[in-house]
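In the block that follows, a single chain appears as structure tokens, in the form predicted alone.
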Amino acid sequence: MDLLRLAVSGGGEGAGKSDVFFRLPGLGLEVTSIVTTTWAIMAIVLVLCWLGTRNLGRVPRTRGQALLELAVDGLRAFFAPIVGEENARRFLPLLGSLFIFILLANYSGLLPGAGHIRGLKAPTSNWGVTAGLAAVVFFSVQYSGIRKRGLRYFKHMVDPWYLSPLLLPLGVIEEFVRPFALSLRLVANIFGGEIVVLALLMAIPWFLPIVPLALELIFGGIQAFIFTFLTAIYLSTAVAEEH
């Protein structure tokens, strides 16, 4: 129980206060380690995108552009059977952004001192962040479905019409539950993995727990993949002609 309490609190007495990295002057808003790590991930992604796209040409002249085009084409080819070729091009920015952010957020929890020093904590170990990602998925699915099919998108909630008083509330609940179930799965796996690594570090502090860290690398990638893959399925269902 002491270990679990330590893991939940972020370590030691007063850890709840130490999680606040700084306060915005004049506004009094607290900036936590989750926020600073999220900002750092976004900055890294922006810099890498700028470096990778600043000298693009119609024909790849650099190895970096060739690798970038290979990655984009590979992702589009992967999502095409799920959402269709045309939709794969349209949804790729959203799906790619979700995958990259979640992957980097998961791996940030494996950095030395993550969760125990101010300013560094895995964003996906906090349900507020994963719930925000779920909200993005929810509104993206609804927007895509309405844009593609109009009000016919909601037909599945009231068909057959004589059961609509029962089906409509269930349909609305289902639309909310699907993405938020993803957020709970993601935060539970990342937070649980952090507790396991912390327990092993406390049990064998003189030896690096290679196996748990390797498993966390694998699980972090799998969780990012599952979240993105299921998002693609939800989008595919929303834009399908027969809903």
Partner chain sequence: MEFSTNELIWAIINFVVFFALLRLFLYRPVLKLLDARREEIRNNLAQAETARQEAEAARAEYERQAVKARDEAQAVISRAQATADKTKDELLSQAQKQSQEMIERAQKAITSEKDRALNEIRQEIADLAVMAASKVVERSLDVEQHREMVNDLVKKMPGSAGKAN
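Residue numbers count along the first chain shown, from 1. Worth saying up front: this structure is predicted, and the values here are computed from it rather than measured.
From this point on, the text means the form predicted together with the partner chain, which you will not see here.
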Each of M42, N126 and L133 having a non-hydrogen atom within 4.5 Å of the partner chain in the model of the complex: is that the case here? yes
Taking heavy atoms and a 4.5 Å cut-off, does T62 contact the partner chain in the model of the complex? no
Partner proximity in the model of the complex: D73 to the partner chain, non-hydrogen atom cutoff 4.5 Å: yes
Could you confirm whether P93 comes within 4.5 Å of the partner chain in the model of the complex, counting heavy atoms only? yes
Considering non-hydrogen atoms and a 4.5 Å limit, does the partner chain approach I100 in the model of the complex? yes
Select from 32 to 53 the residues with a non-hydrogen atom within 4.5 Å of the partner chain in the model of the complex and write them out in sequence order. T32, I34, V35, T38, W39, M42, V45, L46, C49, W50, T53
